[in-house]
Structure formats: structure tokens, C-alpha cells
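What follows is a single chain, given as C-alpha cells, in the form predicted on its own.
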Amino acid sequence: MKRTDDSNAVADGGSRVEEFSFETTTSDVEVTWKERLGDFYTEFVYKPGLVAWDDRRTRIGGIILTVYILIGTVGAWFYPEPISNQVPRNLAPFQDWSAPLGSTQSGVDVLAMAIHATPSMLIMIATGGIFATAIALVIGTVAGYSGGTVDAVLTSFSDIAMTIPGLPLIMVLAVVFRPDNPVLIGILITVNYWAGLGRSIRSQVLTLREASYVEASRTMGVSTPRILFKDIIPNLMPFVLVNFANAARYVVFTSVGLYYLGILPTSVPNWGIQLNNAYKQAGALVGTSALYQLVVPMVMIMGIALSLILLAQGLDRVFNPRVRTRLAGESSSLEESDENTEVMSQ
């Protein structure tokens, strides 16, 4: 709706009354690239960062994960690689600083083994988590929103994938293909993990597609891809993030178990290989003299699993519009209060 120009205005008892029409018009306000970048920064960096930093779980989980990333990059770059006879044999922890966490019976630094297993583990976690959640998100969203034949086909495909026992399938594929690339191992471990998550996402989409704002978008003629990316998927992100963390933890525990059992090739460093060596070669469960060789990889596994859980719980709030609006409002109120205080003091 817009006001008409002066030619459409009529005089009424000495005063001018303006007529209104319901014609659509284009906005005369031009948005500069600087303003667009500012809006992008506010919506996708400032507000999510404010919400994430406000949650203690996100801060702790982020700090722990950052430590692991530093270990896997800077630590693996500077710390010597584990080799036989690099330090005296059977050193206890904190006995010799050439091997702060002790050494094995073959003279390998336990800390070096833990550090150099971190990069491949991080790659496996990222690859497996992204692969499983991406496949589940695409199949679940398309099936739930499309309905009809597409839904039936994709749901049947997911059901077939769910009926295949996951661990035996992974073991057979690992023995047949003998993958030695962390990326391939991450994908292999989650080869059918996505199926259950895809069905859950489909159920969420079936509910969201009947929401009033989605119905309004369809009535206004908004395209299906835009509805999916603007209305459906953002509301799925808390659910997807939590399940991404679960998929990542599944990769951690499954890979460690497969390496411990000797199914995956030992050419890729892994904390499961440390556990296997500690149990079979050092007899870590017999007595306490070699127990530290079990404790070190177990602490590494527990730490990264804890960081993923805390991040998933904390990031759930990032995509909650009520929390974002409240925190952004509090921040603006504080800034305005500070400005008023400065003016009054002057």
C-alpha cells in the first residue's frame, strides 16, 4: 500500500485529504554492501557467538576440542614420532622427562603415540559425522517434505539400510577393502548409521511442513528450495547438531574397538592400537605396573567424547530464536545503558 501523489489528493473543506491505493511499489532504500556485510556479521557471527559464549557447556566443550585440535596440529608437528627404542624401556610416568607419560617395553614414548594418533582420529570423526548427518539430512528432508512416491522410495531405502547389522557390515567391508585412509575409515564406520537419523529427521519435517509459517510461504509462491533452506532446515539444526555429536562419538568408539580387535590396518595410528598393545604385549590388566599404558589412551578417548557432548548441548541454544533474541536484546540494553551513563556523566 502506498500514498498517491499530489494529483490524486482532493480538497475537502479547505483541508487536503490524501487518497490511498493498494498498489505494490518497490522500495527506494538502497542497501550497500557494507550494510549487508554488517547484517551478515550480526546474524551469523555476533548473535551465535553471543549465545555460544553465554553457555558454560559450550565454552568448556570448545576449549577441550581446541586443545585436541592443537595437539593434532601443532603437537604432532613438533613432538617426535613414536619409534622403537627412542627412550629407555618400561619407564614409569613422570620418571624421565624424555618420556613424560612413560614408555613401552619396546622403548616407545606413550605420549608420542597418543599425540600422533590424534590427527587421524580428528579426521575420522569429522568425516564420519559429516557423512552420516549430511546423508540423513538430505534423505529425511526430501522424503518428509515431498511425500508421495518420493517419500515411499526414500523411506524404503532407509528401512533396508536399517535392517543391515551395522557392526558385522563394517567388519566385512574393513576386511575386504583394508582402508588405510582416515577419510575412508570414517565413511566406512558410518556407512549405514545415517538411516535411523534420516527417519527421525523425516518425522520432524512432517511436523514442520504443516506449520503456519511454512504454509504462508507456500501460499505466497515461495519456491520449495527456499522454503527448505529458510524455514525447514534452520529449525532442524538443533536436532541435527545433537545427532552430529552422537555420530562423532559413534565413530570414536567404533574405530577404537575395531583397531583394538585388529580388524582395521595398524598403519593408521589410533588409540585403539595403544589399548591393544597395552593389553596383549604389556599385560596392563595384570598388576598395575603397566596400567598407565591403558590410562593414557582412555583419557584421550573420554576427553574428546566429553567435548562433543558439551558442544552439542550448548550449541542447541545457538539455533533457539528466543534465546538469541533475549541475549541480543540484553546486549543492546547494556550498550544503551552505558551510552546514557556516559552522557549523564558529561
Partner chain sequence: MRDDSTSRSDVYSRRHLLAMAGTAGAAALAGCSGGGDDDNGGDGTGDGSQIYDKKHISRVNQVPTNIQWNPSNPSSYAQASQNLLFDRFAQYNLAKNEFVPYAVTDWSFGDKSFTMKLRDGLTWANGDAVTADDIVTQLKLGMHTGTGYADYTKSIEAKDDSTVVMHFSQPVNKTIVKFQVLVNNHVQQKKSVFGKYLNKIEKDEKSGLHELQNFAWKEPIASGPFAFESTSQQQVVTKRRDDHPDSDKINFETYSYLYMEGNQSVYNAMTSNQIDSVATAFTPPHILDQLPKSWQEIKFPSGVGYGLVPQFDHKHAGDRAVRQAIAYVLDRKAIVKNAGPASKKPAELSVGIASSAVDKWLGDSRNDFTDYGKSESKTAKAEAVLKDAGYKKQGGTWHDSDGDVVKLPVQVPSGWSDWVTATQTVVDQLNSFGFKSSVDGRTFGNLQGQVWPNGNFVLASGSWLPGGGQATFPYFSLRQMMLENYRGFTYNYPAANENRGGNHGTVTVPKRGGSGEMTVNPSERLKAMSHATDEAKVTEIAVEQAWVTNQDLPMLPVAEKQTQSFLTGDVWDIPEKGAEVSKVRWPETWLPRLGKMNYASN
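Residue numbers count along the first chain shown, from 1. All figures in this text were calculated on a predicted structure; none of them were measured in a lab.
Form predicted in complex with its partner chain: not shown, discussed below.
The contact with its partner chain in the predicted complex, taken as any heavy atom within 4.5 Å, belongs to G283 out of G303, G283, P48, G38. S84 is the sole member of T163, S84, S156, T207 with a non-hydrogen atom within 4.5 Å of its partner chain in the predicted complex.
With the partner omitted here, the stretch from 148-156, 104-112, 250-258, 128-136 that lies within 4.5 Å of its partner chain by heavy atoms in the predicted complex is 104-112.
Contact check for R178: a non-hydrogen atom falls within 4.5 Å of its partner chain in the predicted complex. For R218, no non-hydrogen atom is located within 4.5 Å of its partner chain in the predicted complex, even though that partner is not displayed.
In the predicted complex, its partner chain lies within 4.5 Å of some heavy atom of S289.
Contact annotation for T266: at least one heavy atom lies within 4.5 Å of its partner chain in the predicted complex.
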